[in-house]
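Here's a solo chain for you in structure tokens, the form predicted alone.
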Amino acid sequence: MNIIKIKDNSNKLYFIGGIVRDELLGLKSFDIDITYVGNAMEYCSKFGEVIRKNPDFGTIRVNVDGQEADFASTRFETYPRKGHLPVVEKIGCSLKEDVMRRDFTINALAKSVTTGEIIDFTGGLEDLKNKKLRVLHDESFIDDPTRIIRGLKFRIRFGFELEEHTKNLQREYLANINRDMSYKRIKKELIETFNLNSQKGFEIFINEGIYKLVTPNEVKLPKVNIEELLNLYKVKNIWLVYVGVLGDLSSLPLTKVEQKILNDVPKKVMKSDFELYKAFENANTESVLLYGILYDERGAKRYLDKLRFIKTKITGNDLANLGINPSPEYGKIFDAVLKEKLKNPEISYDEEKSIVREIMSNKKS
């Protein structure tokens, strides 16, 4: 657990959630989340410089001796609109009421900052020992379907499995999805889950129908091992290479760059090196990988391993110096030179100009 020194004898401060889980698993945790049984905004500002407050949720971020720590008030929440953010009904509730709003029992463990005692209201310690993911109540996925993707993330990270009743609740929800949900939050969980780059996780995502949270269309598991492909070719948007396989991502709030990546994926197999080159010369690597996964892995690898590094040297100034007036004809000439360069990447700059002269000579004859 991250070491943070807080001088407090109230026994109302608790490390809670992931930081406790990770300590018990022997893993390093990067977040310091502390819950105060009461109003944290009033009580915890004394620990250091206040960086940020969120009165709606009773949270406060404080710089404690050079470390940023998030303090949360214990709170009781309800979901008047299923699938969206909860509404805080009460700030300053009991610790038990607070942990009962969480996703899985392994994330509902608390540890006293004062005494170090582990508090377990939900059987999280036993589930941690047995490597099981268990929701805290039967309405959990109905309240917040992002928990299904979060569960997949924990299955990937820790090698845990869904407890049988939780698995049935997931299956029931996926058979009757409420499409009125926060797709911004769905996207956030997809990013965190698939940036872990796990082929096994993606197979679970498809085979268990979790993908139906994104699109109602039927999706089959591609034959390509996406994890191996991403280990060969590094990209920024790992998650989009996985999720882009679904095709229809219209439900997600994509950025312009993300949408361009999807738009730049051809809808058919490219039949020549020239077609491959022209399709991807202004595209992101993610687009090429998606093309490889969906249509032509060999062609995608050929482009990424060889074709993308081939560049013609001749310029518009060279064409002008050869007596060719600027016109749409330039594009055709450049393409003709490129075709020859793709056949023989060793063609020199002077040989490129010779190709242009030959093109112009043939036009005159």
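The structure displayed is predicted, hence computed values, not measured ones. Note that residue numbering follows the sequence shown and begins at 1.
The next section is about a form of this same protein that is not shown, the form predicted in complex with adenosine-5'-triphosphate (ATP).
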Using a 4.5 Å heavy atom cut-off, state whether residue 103 contacts adenosine-5'-triphosphate (ATP) in the model of the complex. yes
Touches adenosine-5'-triphosphate (ATP) in the model of the complex: residue 107 (any heavy atom, 4.5 Å): yes
Does residue 56 reach adenosine-5'-triphosphate (ATP) in the model of the complex, with heavy atoms at most 4.5 Å apart? no
Is residue 134 one of the residues lying within 4.5 Å of adenosine-5'-triphosphate (ATP) in the model of the complex, judged by heavy atom distances? no
Taking 4.5 angstroms as the heavy atom distance cut-off, pick the stretch from 145 to 153, 236 to 244, 122 to 130, 207 to 215 that is near adenosine-5'-triphosphate (ATP) in the model of the complex. 145 to 153
Among the candidate residues 335, 49, 31, 329, which is the single one with a non-hydrogen atom no more than 4.5 Å from adenosine-5'-triphosphate (ATP) in the model of the complex? 31
Going through 9 to 24 from first to last, which residues have a non-hydrogen atom within 4.5 Å of adenosine-5'-triphosphate (ATP) in the model of the complex? 17, 18, 21, 22
